[in-house]
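Starting off, we have a lone chain in the form predicted on its own, written out as structure tokens.
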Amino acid sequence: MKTNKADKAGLYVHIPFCLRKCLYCDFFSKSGSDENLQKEYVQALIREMEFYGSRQENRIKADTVFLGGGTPSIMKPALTAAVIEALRKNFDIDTEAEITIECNPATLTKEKLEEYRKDGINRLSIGAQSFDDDVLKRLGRVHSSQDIIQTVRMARKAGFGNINIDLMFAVPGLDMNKWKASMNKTLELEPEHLSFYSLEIAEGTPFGEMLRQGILEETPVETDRSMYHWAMETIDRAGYDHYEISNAAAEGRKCRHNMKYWTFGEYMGFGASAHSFMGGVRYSNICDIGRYISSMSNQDMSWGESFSRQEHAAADCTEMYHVNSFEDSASEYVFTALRTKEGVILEDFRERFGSRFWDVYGRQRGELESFVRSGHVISDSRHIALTGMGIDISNRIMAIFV
């Protein structure tokens, strides 16, 4: 596989703290953490950034930064500023970089938003999920629908011109009328970007346990798909580009950071549970805040320049480490590209991997063409992409190449 060294990486920072863990959430996070723990965690983050920043022969160039969680906006602005400052100190970040912070509407204030702008944060991702207060309570959210509206208004006054709003559908108790109302209220706020996800009930979550006990019922697939296709049609009429299965944007407002995940770009993650993909290697940090803080405090900053497993594991921090084979990289590229509107661009595949697409996947061609005949896939001399129908069975189609 050919690597384009001119491509710039994305930097991801995981903030695992939140006011209260939502009933559906299976992300690594901790509710009710105190400020002292947050301070210790930020110091550990800075140490990790210094660790990677100092051992690079050429400083890593980045053009996106994403603070995710958890709820990054739970922290005081001074801690957020310290994280951004450490990133700028240790990595070569573009002056025009997209810098995003995930926010819960219940945690934002006018003062926080103004500080974010001073720090260079230029994009907000607001976890709204719904504009129906009953649905929000059912999900375990700590904000109200009015909090969302107030947050967007405050953000605009603070100078934010790039706002994403997250919505969730197929929630038990959410009918089509409530879903339409939430989407319409979202569009009234004119966000530059919106994400809409079907609720997935994961094992190990309160929702998962409620489902196991028969207390909770999953939304029927037919209802789920009706909600999704109605949303697709609505955002299209509103002038948004539905550029990825779960994401739509106004012109020029695609999430540049997330595009790295969908176009096989490089990214480096910092913090407990954070994942990275650099130099053909995928690795992740441990899912334990205490061990993460301890391992960063004990690091020997004199280690070498490479991304070797031994060096990272010696810090007692690595959870997973995998060197991609050609087959790994090719299948990951195809799998993620098929999530996007453009799909797999055949010439890009050839340039990246030094082989023509059908030379690599010739045995899968017949199976894919059956989906072309059924109207689920478009395949021509330029690209391979899912149709609206194909999105409904996307996992079946993507599995061909895994």
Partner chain sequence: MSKKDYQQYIRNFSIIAHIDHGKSTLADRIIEKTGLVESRDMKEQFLDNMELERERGITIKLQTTRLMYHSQDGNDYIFNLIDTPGHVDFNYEVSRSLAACEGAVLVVDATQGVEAQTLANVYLALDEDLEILPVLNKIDLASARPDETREEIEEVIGLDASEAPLISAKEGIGIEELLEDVVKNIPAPSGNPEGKLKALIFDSKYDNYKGVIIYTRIFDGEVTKGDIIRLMNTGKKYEVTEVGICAPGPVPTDVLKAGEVGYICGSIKQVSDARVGDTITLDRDPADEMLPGYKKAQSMVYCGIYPAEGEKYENVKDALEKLQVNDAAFNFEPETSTALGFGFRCGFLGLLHMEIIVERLEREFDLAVITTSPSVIYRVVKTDGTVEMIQNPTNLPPQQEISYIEEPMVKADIMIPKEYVGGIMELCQERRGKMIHMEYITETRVQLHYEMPLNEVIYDFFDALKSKTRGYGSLDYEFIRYERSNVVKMDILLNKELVDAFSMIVHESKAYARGRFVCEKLKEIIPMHQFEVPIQAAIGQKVIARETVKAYRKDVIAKCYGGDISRKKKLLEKQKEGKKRMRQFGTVEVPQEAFTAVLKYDENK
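Residue numbers count along the first chain shown, from 1. All values derive from a computational prediction rather than experimental measurement.
Separately, the form predicted together with its partner chain exists; it is not shown, and the next lines address it.
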Proximity of Glu367 to its partner chain in the predicted complex, heavy atoms at 4.5 Å: yes
Its partner chain contact at Glu342 in the predicted complex, heavy atom, 4.5 Å: no
Partner contact for Met232 in the predicted complex: its partner chain, 4.5 angstroms, heavy atom: no
Any non-hydrogen atom of Thr80 within 4.5 angstroms of its partner chain in the predicted complex: no
Sole residue of Lys76, Arg138, His275, Arg256 within 4.5 Å of its partner chain in the predicted complex, by heavy atom: His275
In the predicted complex, the one of Asp26, Asp348, Glu50, Glu40 near its partner chain [non-hydrogen atom within 4.5 angstroms]: Asp26
Listed range touching its partner chain, judged in the predicted complex by heavy atoms within 4.5 Å, from 192-200, 234-242, 89-97, 146-154: 192-200
Contact check for Ala250, Val360 and His383 against its partner chain in the predicted complex, heavy atom at 4.5 Å: no
Residues within stretch 370-397 having a non-hydrogen atom within 4.5 Å of its partner chain in the predicted complex: Ser370, Phe371, Ser374, His376, Ile391, Asp392, Ile393, Ser394, Asn395, Arg396
